[in-house]
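Below you'll find only one chain, the form predicted alone, shown as structure tokens.
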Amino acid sequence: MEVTINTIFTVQGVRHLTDSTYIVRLDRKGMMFVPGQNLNIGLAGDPEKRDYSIYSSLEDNFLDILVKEVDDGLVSKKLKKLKPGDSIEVDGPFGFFTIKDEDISTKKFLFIASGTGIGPFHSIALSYPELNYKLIHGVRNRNETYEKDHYPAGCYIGCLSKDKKGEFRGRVTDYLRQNPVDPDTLCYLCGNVNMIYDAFDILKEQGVPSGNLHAEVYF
């Protein structure tokens, strides 16, 4: 697969999901990628860049990335101010947090995300609508269950630690303890490193082999 290096992409717009979380939409320019991969992005001419998972699907004629504004962030604050027509530099796509073609129609999947770690799973779920999966998403409040209506009924479980109005009250680790996982399930985890370590321990205790565990860590 061809990888772009320091290629200029045009911004179509920025769509805000919360006060601190937003989607940057870019012209796709024919880029090929595998759902689950990421892009290295920064303002044109700016040496500071960060990795963001592709949020859009294979069928979309644009590229979306899901961004969380960080208080001391050198890139996220700048991306939030982008306007249609602005230019940014993109390298990629990169990464192996992807699904094998032969597993798409034959395996059962569990996606575990915290915060904007849901990004690659959004791309995967929309790109492979035939996938047999459940997505567990750990956030604090209901307004952080980013576009949960994009997933089929019963596939998305919002685990809310500070809000009683989600599918589950508590952390993703609480959900896993209360809902043991079939050891044959392929488990993909993306988000906070501490969540991933804790979830790995729980899944291994439930008999899920290490070969079925895949992680993308957000520090």
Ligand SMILES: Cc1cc2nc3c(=O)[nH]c(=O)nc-3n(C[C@H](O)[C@H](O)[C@H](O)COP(=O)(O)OP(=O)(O)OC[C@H]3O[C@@H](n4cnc5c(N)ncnc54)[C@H](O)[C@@H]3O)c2cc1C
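Computed from a prediction, not measured in an experiment: that's the story for all the values here. Residues carry their position along the shown sequence, with the first being 1.
There is also a form predicted together with the named molecule; it is not shown, and the following applies to it.
Although the partner is absent from the chain shown here, none of 113, 181 and 197 has a heavy atom within 4.5 Å of the named molecule in the predicted bound form.
Put simply, residue 44 is far from the named molecule in the predicted bound form: not one heavy atom of it is within 4.5 Å. Although the partner is absent here, residue 160 sits far enough away that none of its heavy atoms falls within 4.5 Å of the named molecule in the predicted bound form. The closest heavy atom approach of residue 58 to the named molecule in the predicted bound form falls outside 4.5 Å.
Remark: residue 98 does not count among the residues lining the named molecule in the predicted bound form, judged by a heavy atom distance of 4.5 Å or less.
Heavy atoms within 4.5 Å of the named molecule in the predicted bound form are found in exactly one of 103-111, 72-80, 129-137, 85-93, that being 72-80. Proximity to the named molecule in the predicted bound form, defined as a heavy atom within 4.5 Å, singles out one entry of 176, 67, 187, 26, which is 67. Although the named molecule is not shown here, in the predicted bound form the stretch 29-66 places heavy atoms of 38, 50, 51, 52, 53, 66 within 4.5 Å of it, in sequence order.
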